[in-house]
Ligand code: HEM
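The chain below stands alone and is given as structure tokens, in the form predicted on its own.
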């Protein structure tokens, strides 16, 4: 039995903090860094127990390039770098990131405190290259005004979708994590009439109802990311949050967990590159990706092995 890291399965939090790290030039993951990361889940448990009302949880993930430095000679079967989609019309840039830290809680101060501790303890090997504070906006809406994450699995299905199982038994309880930071063109978006916004998304704005098939364009966001294969819908567990500052960049920090990277890759390809129907996602006319990275978040037991 393998235990997933605490931040993968719980329902949406009010605050999220995403940190991307890159190895420092000429440095490799050493025994000190491995030992520290092995204790990270227990350190998170201590903070969560001291502040139960905050519902603090954490996920640590490693990219394909740095993976051998942590787990020499063994890796998840499907671990690979962020996809490069041929024929893409809209950009989906790949960020050179080796480690991700995803923190969630109802209190931002605890996220700040824990992240600072991690940054200081890992600074001899890792540099922080991106830090993004995401927040819940209204009733789980994106800054576009539409409810986000409506296709998420619920209850027991969350684990079935997000966690590796017996198909890769050595890494059971782990999860493939993909992140992208999107910047919205809010001024342009807000000038669109609501009916046009709904056609771009594929849902109504206020009641959050999916448009009828006859009214939903093939270029709508939902039309691109809802994919069926062999009669079953491909699923991912999303933990995306809005982010931004007034007068600065504003958008969505996309994060998804899945037992396979293939589901995210197929959704991204259908968004940014013409597929069999020759169309792409028109939401990307109003929101552009500026970063992207892929990681594997090992189980707690696999992280503990780093100490050995």
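A quick note: this is a predicted structure, and the numbers were derived from the prediction, not measured. Positions refer to the first chain, counted from 1.
One more form of this protein should be noted, the form predicted together with the named molecule, which is absent from this view; the next part is about it.
Participant: Should the three residues 142, 184 and 221 be counted as contacting the named molecule in the predicted complex, with contact defined as a heavy atom within 4.5 Å for each?
Facilitator: Yes, the whole candidate spot contacts the named molecule.
Participant: With the partner left out of view, is residue 160 within 4.5 angstroms of the named molecule in the predicted complex by any non-hydrogen atom?
Facilitator: Contact with the named molecule, no.
Participant: Give a yes or no for residue 209: in the predicted complex, does one of its heavy atoms lie within 4.5 Å of a heavy atom belonging to the named molecule?
Facilitator: No - in the predicted complex, heavy atoms of residue 209 and the named molecule never come within 4.5 Å of each other.
Participant: Does the named molecule come within 4.5 Å of any heavy atom of residue 128 in the predicted complex?
Facilitator: Residue 128: no contact with the named molecule in the predicted complex.
Participant: Given that the partner is absent here, does residue 94 sit within 4.5 Å of the named molecule in the predicted complex, heavy atoms only?
Facilitator: Result no; residue 94 lies far from the named molecule in the predicted complex.
Participant: Out of 53-61, 265-273, 242-250, 37-45, where are the residues with a heavy atom within 4.5 Å of the named molecule in the predicted complex?
Facilitator: Selected range: 265-273.
Participant: Can you work out which of 110, 172, 201, 79 has a heavy atom no more than 4.5 Å from the named molecule in the predicted complex?
Facilitator: The residue from 110, 172, 201, 79 that makes the contact is 201.
Participant: What is the one choice in 132, 197, 180, 122 with a heavy atom within 4.5 Å of the named molecule in the predicted complex?
Facilitator: Checking each option against the named molecule in the predicted complex, the one that comes within 4.5 Å is 180.
Participant: In sequence order, which positions of 140-166 have a non-hydrogen atom within 4.5 Å of the named molecule in the predicted complex?
Facilitator: The stretch touches the partner through 142, 146, 147, 148, 149, 150, 151.
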